[in-house]
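Okay, so here's just one chain, in structure tokens, the form predicted alone.
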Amino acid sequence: MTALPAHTEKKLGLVIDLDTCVGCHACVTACKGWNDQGAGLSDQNPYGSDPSGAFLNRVHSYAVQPVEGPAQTINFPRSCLHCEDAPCVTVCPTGASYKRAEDGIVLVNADDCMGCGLCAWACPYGAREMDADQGVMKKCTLCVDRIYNEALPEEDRAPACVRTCPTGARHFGDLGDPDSAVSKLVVQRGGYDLMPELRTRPTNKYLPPRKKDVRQEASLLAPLLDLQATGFAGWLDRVLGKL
């Protein structure tokens, strides 16, 4: 089993704005394109009726019916949340999954991964994907090969998904620094953890949709925030049942 670092002062992560995400999947395409270099992310049947392949970032869209007013579409991007208490790390029998002490990023060493799938089982967010061709687990790396690459222009030293988002719904920075732009954004907009009752302490935060009617906003956020009893799977079932 792999031990987690006792504390990471720097906590690099994403803040995702559910109010401005339009579900265009530009982030998914950019992520796939950037991470298809080198060993890449394999596809088994990308153009068939039942496409399959490895993705590190996905966007789900749900129709939510508020108590008052018309139905609303919420686009919900999902990738690794780089949890402080990452269960995927502690269950890994080979030490392939680890959390970096210098910036809090959770990574997988493919050379040590034996593809047992324990990390995918332990992750409550469904953020791990098995690469069927390579037989190893893949996950979001926060584009660690971009953010520290001094050969790139400074404006490009951000995750590919952030750099590509046309609506500015994705923000990247140090959530361990209360004075950083992302930390201030979380405070200003009431950003929250996904499924905080699991005590994984995800670094990534979500910003809620903004509505003019406070009562309508509360009804929209209820299925997103009331996860304690049902968990992520129960929330999905509840939302999908309204489609």
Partner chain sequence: MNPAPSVIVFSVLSGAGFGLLAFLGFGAVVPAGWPAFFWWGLGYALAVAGLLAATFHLGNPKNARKAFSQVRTSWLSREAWAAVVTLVTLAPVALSDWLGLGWWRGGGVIGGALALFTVLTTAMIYTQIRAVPRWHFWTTPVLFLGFAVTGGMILAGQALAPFASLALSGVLALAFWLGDGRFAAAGATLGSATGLATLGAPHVFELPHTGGNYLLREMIYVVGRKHAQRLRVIAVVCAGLAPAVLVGLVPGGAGFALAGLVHLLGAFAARWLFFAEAEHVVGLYYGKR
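Each form is matched to the other, and the largest set of C-alpha atoms that superpose within 1.5 Å is called the rigid core. Residue numbers count along the first chain shown, from 1. Since the structure is predicted, the reported quantities are computational estimates derived from the model, not experimental observations.
Note that the form predicted together with the partner chain isn't included here; everything after this is about it.
**Report entry** Partner contact for Leu142 in the predicted bound form: the partner chain, 4.5 angstroms, heavy atom
**Finding:** No.
Query raised in the report: Do Tyr148 and the partner chain share at least one heavy atom pair within 4.5 Å in the predicted bound form?
Result: It does not: once the partner chain is placed as it appears in the predicted bound form, Tyr148 has no heavy atom within 4.5 Å of it.
Query raised in the report: Can Glu155 be called a contact residue for the partner chain in the predicted bound form at 4.5 Å between heavy atoms?
Result: No, Glu155 is distant from the partner.
Query raised in the report: Would Ala110 count as touching the partner chain in the predicted bound form under a 4.5 Å heavy atom rule?
Result: Contact check for Ala110: yes, within 4.5 Å of the partner chain in the predicted bound form.
Query raised in the report: Non-hydrogen atoms within 4.5 angstroms of the partner chain in the predicted bound form: do Asn35, Leu56 and Val106 all have one?
Result: The answer is no; none of Asn35, Leu56 and Val106 reaches the partner chain.
**Report entry** Residues in 63-77 with any heavy atom within 4.5 Å of the partner chain in the predicted bound form
**Finding:** Stretch hits, in order: Ala63, Val64, Gln65, Pro66, Gln72, Thr73, Ile74, Phe76.
Requested in this report: Compare the position of the CA of Ser49 between this form and the one not shown after a rigid core fit and state whether the shift reaches 2 Å.
Outcome: Yes, shifts by 2 Å or more.
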